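Below sits a lone chain in structure tokens, taken as the form predicted on its own.
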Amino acid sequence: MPYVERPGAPTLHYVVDDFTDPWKNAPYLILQHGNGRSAQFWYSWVPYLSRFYKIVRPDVRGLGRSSADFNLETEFTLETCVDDVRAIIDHLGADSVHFCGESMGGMIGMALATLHPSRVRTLTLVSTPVSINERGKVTFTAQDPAAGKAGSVDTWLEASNRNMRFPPDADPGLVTWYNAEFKKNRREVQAAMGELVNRANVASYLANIKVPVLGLYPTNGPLTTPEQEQMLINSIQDLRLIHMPASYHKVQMIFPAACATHLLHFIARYDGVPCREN
């Protein structure tokens, strides 16, 4: 399990899943998780992708196994998250990578592709908003009152899962796993990231994204509304938009095979890497 250690900055953890042929030097594909989550939330994509690309799953600073040794009030910004991804790319020894981010992870990718375009080969956005509407705001606090009271992680998770994340017929085991895995993270870091998400707006980056972009979005998403999608269409020069048949946010976990397959075919157009075997 690689770690990136840096003076004056938090230690970053990432997972590598590589089942490519050793002699082919396959490109790297970074899968960046979203708000309050960790590298574990990509587990269902790995089997589809890791035969053809070297998969890298970072933990955002302070989450998963990454260190929380930084100032949560002043050093948790979109820019510091971008710098963290750059540090991981450098640690890999790669000039550039394919980047796929879900939700807030995609916002990090938009900023990375704008500020450091030479490091990004393609960008894939999975249910990534331009900004967070009131329905998607993070409302729990670092203190986390007892479950069931206003401001608790349990209350927020239950409400947001029901209202925007998973459909009513979602596998109960998936939702239970999601909640348990989410709550393994440091609550104070999640609350700080929630504040970052609540105020984040990447509209100013869109027109400056020059790399090819794939968007994987729900048909009628609670955060990625038609108005937000139109902003992407109007502003991003090279965008291919694909809709998953759902009106809930977590298409990443509802349709892992379909999403991963679309991603494989998209990036293969630019690398020429076969995404199927005879």
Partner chain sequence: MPSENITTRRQFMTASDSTRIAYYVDDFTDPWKEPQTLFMTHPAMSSARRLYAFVPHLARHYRVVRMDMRGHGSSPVPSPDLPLTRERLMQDLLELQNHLGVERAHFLGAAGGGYLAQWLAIAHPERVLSILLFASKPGLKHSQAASWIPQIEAKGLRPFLLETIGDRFPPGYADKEHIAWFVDEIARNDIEFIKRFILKMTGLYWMDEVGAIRCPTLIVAPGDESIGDGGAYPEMHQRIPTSELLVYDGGRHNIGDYLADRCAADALAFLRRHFP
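Nothing here was measured: the structure is a model prediction, and the numbers come from that model. Residue numbers count along the first chain shown, from 1.
From this point on, the text means the form predicted together with the partner chain, which you will not see here.
Novice: Check Pro226 for me: does it contact the partner chain in the predicted complex (non-hydrogen atoms, 4.5 angstroms)?
Specialist: No, Pro226 sits far enough from the partner chain in the predicted complex that none of its heavy atoms falls within 4.5 Å.
Novice: Is there a heavy atom of Val16 lying 4.5 Å or less from a heavy atom of the partner chain in the predicted complex?
Specialist: Output for Val16 is yes: heavy atoms within 4.5 Å of the partner chain.
Novice: Should Val46 be counted as a contact of the partner chain in the predicted complex, where contact means heavy atoms within 4.5 Å?
Specialist: Yes - in the predicted complex, heavy atoms of Val46 and the partner chain come within 4.5 Å of each other.
Novice: Does Leu72 reach the partner chain in the predicted complex, with heavy atoms at most 4.5 Å apart?
Specialist: Contact with the partner chain, no.
Novice: Counting any non-hydrogen atom inside 4.5 Å, which residue from Glu195, Asp171, Asp154, Glu79 sits next to the partner chain in the predicted complex?
Specialist: So the residue touching the partner chain in the predicted complex, by this definition, is Asp171.
Novice: Mind telling me which stretch in 171-179, 196-204, 101-109, 79-87 gets its heavy atoms within 4.5 Å of the partner chain in the predicted complex?
Specialist: Looking at the other structure, the answer is 171-179.
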